[in-house]
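Take a look at this single chain, the form predicted on its own, given in structure tokens.
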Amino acid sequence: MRFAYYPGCASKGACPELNQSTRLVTEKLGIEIVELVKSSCCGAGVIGEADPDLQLALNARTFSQAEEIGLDIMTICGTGQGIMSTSNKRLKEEEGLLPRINGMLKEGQYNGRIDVKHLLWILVKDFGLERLRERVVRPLSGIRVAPFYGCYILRPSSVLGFDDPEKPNSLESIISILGAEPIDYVGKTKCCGFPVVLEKEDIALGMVSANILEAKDAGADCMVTPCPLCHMNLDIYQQKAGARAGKRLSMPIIHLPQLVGLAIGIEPRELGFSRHLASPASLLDKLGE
């Protein structure tokens, strides 16, 4: 099992623990990744608002790099998954678009031969849930985990088509396989507030507090997300959002590979938990770590 690894921006900047834990988990599971070291930002839905062709060109450039080594792309960013999948579909299907966008590239040409898969998708379908169950050596028993999908890994469903955008279950399946209890709550498919926070911070803080409080009221010990931008909003802005709501939130926000890493025997210190602003100490204490 081999993929062209697209770490994205956040895991090389604000969330290096995501890149760190991904590398440890994939190595332990025997998933070979070849990093696309010359790749660039996918656009995050922001660049495309100002210049749609530029966003397409950025992604076509990344796709051409994966195509050159003959591998599909593995991303660890829910936002990246949505943006790249949408770009890839357009480039493959819209008449005349691919040659026009290729004309913008100074190096590399994309021929429409690769697919983009999130680590979540790979674990569920390519690697397989039963195979993952066999690798669990530290079951996360007694831990109640609230999945937080965010927007882009589920929508638009006409492009992604991996999970039901209204009633997804891929994260819940992994949480259960790892021995924890998935918590159901309405907010799991809502927006985290990115990039609203860049323009209307007060609105975004309200979104952060609402999502966390709903998970907390449902009895969650932590939240797990497949998107670093969701992680950043829910973790970095948690204290500020709690102050705005007049509530103490104190909710650990966990990256998907960190949760998997714990269950397959990787030590917490190696998974980068010390970088989190909302302390995961209560979660690790429950696991006896």
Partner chain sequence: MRVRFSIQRFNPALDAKPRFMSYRVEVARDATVLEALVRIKEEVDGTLAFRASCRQAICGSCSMEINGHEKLACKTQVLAELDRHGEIKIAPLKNMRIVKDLVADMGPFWHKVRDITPWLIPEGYGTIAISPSTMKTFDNVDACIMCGACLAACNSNEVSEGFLGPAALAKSYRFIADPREGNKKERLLSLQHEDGIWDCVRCNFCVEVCPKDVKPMEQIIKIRRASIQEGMRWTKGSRHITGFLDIVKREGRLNEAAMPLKLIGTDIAGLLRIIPLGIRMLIKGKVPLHFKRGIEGIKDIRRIFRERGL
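None of these values were measured; they are calculated from a predicted model. Numbering follows the first chain given and starts at 1.
Here the subject shifts to the form predicted together with its partner chain, a form of this protein not shown in this document.
The three marked residues, Arg135, Leu234 and Leu249, fail to reach its partner chain in the predicted complex, with no heavy atom of any inside 4.5 Å.
Checking Met104, Leu97, Leu129, Ala218 for any heavy atom within 4.5 Å of its partner chain in the predicted complex turns up a single hit: Met104. Here is the short version: of Arg144, Arg113, Lys89, Arg155, the single residue with a heavy atom within 4.5 Å of its partner chain in the predicted complex is Arg155. In the predicted complex, its partner chain sits within 4.5 Å of a heavy atom belonging to Cys9. The shortest heavy atom separation between Ala44 and its partner chain in the predicted complex is within 4.5 Å. Among heavy atoms of Pro268, none comes within 4.5 Å of its partner chain in the predicted complex. Looking at Ile69, you'd find every heavy atom of it more than 4.5 angstroms from its partner chain in the predicted complex.
Annotated contact segment (heavy atom within 4.5 Å of its partner chain in the predicted complex): 52-60, selected among 52-60, 218-226, 259-267, 22-30. Interface residues of 259-281, taken as those with a heavy atom within 4.5 Å of its partner chain in the predicted complex (partner not displayed): Ser274, Arg275, His276, Leu277, in sequence order.
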